[in-house]
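Same protein, same chain, two forms; see structure 1 and structure 2 below, as C-alpha cells.
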Structure 1
Amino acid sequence: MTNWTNRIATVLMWFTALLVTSVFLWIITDLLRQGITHLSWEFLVTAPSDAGRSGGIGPILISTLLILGVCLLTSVPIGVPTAILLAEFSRKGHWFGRLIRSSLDVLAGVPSIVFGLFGNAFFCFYLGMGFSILSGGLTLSCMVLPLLIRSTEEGLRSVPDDYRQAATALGLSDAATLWRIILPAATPGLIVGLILSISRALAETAALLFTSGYADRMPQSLMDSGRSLSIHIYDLAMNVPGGEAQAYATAMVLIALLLIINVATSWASTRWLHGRISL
C-alpha cells in the first residue's frame, strides 16, 4: 500500500510540474509568435507614437525602472529589519509579534486596487505628490512590504537554533551572530522574498493607474507622471485598436526584464553569501 501511495504521489508531482511548465512554455511561445517581429533596438529606445501603435517603449521602460527603484529603496530598508525584529528579537507568542504578523497577513490579501485608492488619497493628494513616479513607487512599497517581511521572517526562522547557541557559546555578540551566521544561512529566504516582491511590483497595474499616472513621455524627475510597462500593455490591448502586436512585444520585454532582474538578484545574493562565508 505504501509503495502505491508513493508512486501515485510521484506521478501527481510530475504531472503538476509538467502542467506548470507547459503553461509557461505556451505563454512564451504565444508571445514570441505574436511579438518577436516588432522587437528591435529602436523599439526599446524610442518613444511611442500614434497612441502606441508605432514607435517604441523607451520612456515607459525608464518609468518602470524608476518606479521599481523607488519601491525597492523604500521597502527593503524597512522590510528586512522588521523581519529581523520579528524573527530574532520578538519572543514567540508575544502579543505584539502576533499582532504584527496578523496585520501583515491581512495586508497581503488586500486587493491591489485598494492600495491604489490609498496611494491616490495619501501620497497623491494628502502629501501633495500628485500623479508621479514617486507616488507609484511608494504605493508599490506598501503592497510588497507584507510579502517581503513574512518571506524574510520565515527564512530567518528556518535557521536552526543550534547556530545561535553555538555562536553564543563562542562568545559572539548578537550583532555578530546575526551578520556573520544568521543572515548568510537565511539568504535563500531573503532571495525568495525579494524576487516575489520584484515580480509583484513589475506586474502591478491597478495601483499604478491611480498613483503614477498615464503619461508616456520621458520623465524628467521622480515627481513626473510615468506609465509602467504593465499599464502600457493594458492600454494597448484594451483601449487602442490595432495595438495588439505592440502589446505582445511590450509583454516580451516585461518578462525579459523580470527574468534579468531575478537572475541578477540571485547572482548578487550568492556572491554576497560566498563573501560572508569566506570571512
Structure 2
Amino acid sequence: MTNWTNRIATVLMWFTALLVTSVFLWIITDLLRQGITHLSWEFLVTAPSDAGRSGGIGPILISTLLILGVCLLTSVPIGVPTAILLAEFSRKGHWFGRLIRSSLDVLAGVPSIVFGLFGNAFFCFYLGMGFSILSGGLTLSCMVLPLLIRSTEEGLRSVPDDYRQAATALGLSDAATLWRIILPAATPGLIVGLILSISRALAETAALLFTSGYADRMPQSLMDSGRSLSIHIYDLAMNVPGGEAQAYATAMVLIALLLIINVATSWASTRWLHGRISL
C-alpha cells in the first residue's frame, strides 16, 4: 500500500509541474501572439488617439520613465543609508534596529491600493501636488523602500568580515571603510535591490490610479498628470471597447521592459563583479 501511495504522489507531483508549466505557456504564448502583431517602432513613439484605440504609447512610455525616475531618485537616498545602518552600524538586537526593521516588515505587507489611498491623501491633497507624476513617483517610492532596503542589506552582509577586519587593522575610519571597501564589494547586492525595485514599480497599477492619474498626453513637467504603462493596459481593457489589441501590445512592451532590465542588469553585474572581486 505504501508503494502505491508513493507512486501516486510521484505522479501528482509531475502532474502539478506539468499543469503549472502549461498554464504559464498558455499565458505567454497568448500575450506574445496577440501582442506582437501590433508592435512596431511607430507604436512606441506616437501618441495615442481615439482613447487609445489607435496611435501608440509614446507619451505613456515617457510618463512611465518619469514616474520611475522620481521613485528611484527618492527611494535610493533613503533606502541605501538605512540598509547601511542596519547591516553595518547596528548591533544585533539593538532596539533601534529592531524597531526600524519591524516597521519595514509592516510596510512591505501594506497592499498597493492602501498606498494609493495614502498617496492620494498625503501627496495629492495634503502636500498639494495634485494628480501628478511627482505624487505617483513618491507613492511608489514608499512602496519599494522595504524591498530596496532588504536586498541592499543582504548585499552588505555578504561582504566577508575579513574585509572589515583588514580595514580596521589599517586604521581606516568607518566612513573610509564603508566608502572604499564595503560599498564597492556590495555593489551586486545594491544592483539586485535596484532591479527588484524597478520591476516592482513598473508593474504597479493600483497605487498609481489615484496619485499619478490617467492623462495620456505628453507630460510637460513633473506636476502634470501622467499615465503609466500598467494604467494604460487597465484603461484599455476595462474602459475602452475595442482597445484590446492595443492593450495586448502595451502588455508586451511592459513585459519586454521588465525582462530586458532583469537580463541586462544581471549580466552586467556578474561581469562587473568578476572585474572587481576575483582576486
Partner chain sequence: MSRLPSDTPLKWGLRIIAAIAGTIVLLIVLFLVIEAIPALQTVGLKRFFTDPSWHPAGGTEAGTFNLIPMLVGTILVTAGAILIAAPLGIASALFCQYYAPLRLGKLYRHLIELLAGIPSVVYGFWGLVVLAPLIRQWQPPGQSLLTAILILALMILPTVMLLSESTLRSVSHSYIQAANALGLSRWAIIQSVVLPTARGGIITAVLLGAGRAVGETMAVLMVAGNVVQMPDNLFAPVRTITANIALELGYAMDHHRSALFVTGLMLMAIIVMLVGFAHWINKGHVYD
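Because the structure is a prediction, the values reported are computed rather than measured. Here, residue number means position along structure 1's sequence, counting from 1. Between two forms, the rigid core is the largest collection of C-alphas that superpose within 1.5 Å.
J.: Where's the form predicted on its own, in 1 or in 2?
T.: Structure 1 is the matching one, since it is the form predicted on its own.
J.: Tell me whether residue 31 is among the residues that move between structure 1 and structure 2 (Cα shift of 2 angstroms or more, core superposed).
T.: Moves: yes, 2 Å or greater.
J.: Just grab the Cα shift of residue 11 between structure 1 and structure 2 for me, core aligned, in angstrom.
T.: Here the C-alpha difference is 13.5 Å.
J.: How many angstrom apart are the two C-alpha positions of residue 22 between structure 1 and structure 2, if you fit on the rigid core?
T.: Taking the core as reference, the C-alpha of residue 22 is shifted 7.3 Å.
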